[in-house]
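Just one chain follows, in the form predicted on its own, and it is written as structure tokens.
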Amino acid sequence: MAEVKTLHFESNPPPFGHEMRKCFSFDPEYINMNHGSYGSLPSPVAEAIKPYYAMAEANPDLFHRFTSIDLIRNVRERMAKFIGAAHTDEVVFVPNASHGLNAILRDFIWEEDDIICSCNTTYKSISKTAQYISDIPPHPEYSQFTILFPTTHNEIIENWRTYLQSLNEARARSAHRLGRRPKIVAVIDSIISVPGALLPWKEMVKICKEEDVWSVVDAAHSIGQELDLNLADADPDFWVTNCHKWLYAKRSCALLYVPKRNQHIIKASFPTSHAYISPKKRTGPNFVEQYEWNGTLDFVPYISASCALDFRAWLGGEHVINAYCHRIAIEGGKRLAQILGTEIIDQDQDFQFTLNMVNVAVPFPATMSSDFEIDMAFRRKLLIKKKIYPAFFYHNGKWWTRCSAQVWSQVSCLLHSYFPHPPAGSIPGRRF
């Protein structure tokens, strides 16, 4: 069986901060403050996966029919251990989190008066997926839970419990009328995209179990940013994460986790695989086989996830990487808010919402709309003219910027994200 080769390094890594940029392929004039959107591929990982591309071109049939499948099985085993899955065959690769979440939501057999719910902060394409499912027959109800910052984890947990209990009351009324009990499916973010905030998702999953609600966790930002994942213990019904964001895999690469008890829900891969077996004819599992091959695509990014773990180990491991990034996010966010005369969105003294993304209010008029043209104007000016880009968004009557802290970041980077020419004395040393 083919195995992915372990990366070996002959020297110590550069120190975190600007020196770490030499391990990436950034334009020297570009300041990457939006790592959370697309991730960044380390040069050692890019070099490590070149032989697999060579294999694919040397003998496409051999690579796609045998070698890549063996290699990906090897990586799945490693990734399953990394996220704390009970079994390797509960984990498969998909191109991205949106793909995996669509596969889950579209595989449910929806019926009249079922309920699909998300949050006002759910990633837009996923909330639109829920809306689309509601828009087509048999028209399950689409419901939305509201989270407004600033808030606290405790407030979210209690509001979530009350919200699901209200949905259960509606379900009871429908059950009396229909003679059957409709299902409720809840989409939960582990870490919201905007604002970039860690939710108490494990507690929210637990409440779902108490209220007999299916939990679908959008963990796009979790792997590589959220420490000590143990999915067997957290026990969500479904969970999807992007490896090309915070883990440093080549884009695009994501993991779809489905515990064995729920694999009957995923009747067909997305798109449907040649390995699909009608549930009427199945004599055993059919989940992994479908996702091993459901169309020709670039399989090397999946292989790169293992190389990314080797690179992270060389840097010092998960706790070392994330301790640095978290410190830069907090220190940089507080300093930027001080200069702007605003605030960070996480008002908790322990910064319970903040991992490696910090959200800072910017002094734009609250009346300035969040329409597409204004958003594009931001992007053009920052990316094309200033060669920097932190995400901007509108939430709860204010404009905010989301800055991603990384191993190449320093506090000065976050200040530069709003001040292309920072105030005198505000940024010591090199201005990045």
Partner chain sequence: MQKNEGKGFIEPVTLDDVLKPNQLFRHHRASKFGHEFLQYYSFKKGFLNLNNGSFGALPKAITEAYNELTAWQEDNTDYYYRIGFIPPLIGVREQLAKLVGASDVDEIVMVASTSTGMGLVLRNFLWKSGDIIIRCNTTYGTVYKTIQYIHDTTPGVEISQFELLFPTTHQAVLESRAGKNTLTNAPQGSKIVAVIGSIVANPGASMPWKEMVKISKDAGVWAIVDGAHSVGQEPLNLSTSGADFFVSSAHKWLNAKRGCAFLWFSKKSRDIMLTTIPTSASYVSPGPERPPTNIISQFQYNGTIDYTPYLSVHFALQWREWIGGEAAIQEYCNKLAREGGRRLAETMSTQVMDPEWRAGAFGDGLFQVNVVLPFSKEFSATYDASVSTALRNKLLSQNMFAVTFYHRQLWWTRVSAQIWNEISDFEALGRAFVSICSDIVAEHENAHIPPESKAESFYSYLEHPFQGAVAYDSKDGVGAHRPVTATAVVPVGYHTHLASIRP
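For clarity, every value in this text was computed on a predicted model and none was experimentally measured. Positions refer to the first chain, counted from 1.
There is another form of the same protein, the form predicted together with its partner chain; it is not shown, and what comes next is about it.
Note on the interface: of 292-300, 152-160, 173-181, 316-324, the segment with non-hydrogen atoms within 4.5 angstroms of its partner chain in the model of the complex is 292-300.
For the candidate spot formed by 364, 367 and 373, no residue has a non-hydrogen atom within 4.5 angstroms of its partner chain in the model of the complex. Interface residue remark: residue 389 is counted as part of the site for its partner chain in the model of the complex, having a heavy atom within 4.5 Å. Contact check for residue 227: every heavy atom lies farther than 4.5 Å from its partner chain in the model of the complex. Though the partner is left out of this view, residue 106 does reach within 4.5 Å of its partner chain in the model of the complex, counting heavy atoms only. The shortest heavy atom separation between residue 34 and its partner chain in the model of the complex is within 4.5 Å.
Checked against its partner chain in the model of the complex, the residues 354, 215, 121, 252 give one hit for a heavy atom within 4.5 Å, which is 252. This chain is drawn without its partner chain; in the model of the complex, the residue among 347, 146, 131, 165 with a heavy atom within 4.5 Å of it is 131. Contact residues in stretch 195-209 (any heavy atom within 4.5 Å of its partner chain, taken in the model of the complex) are absent; none meets the cut-off.
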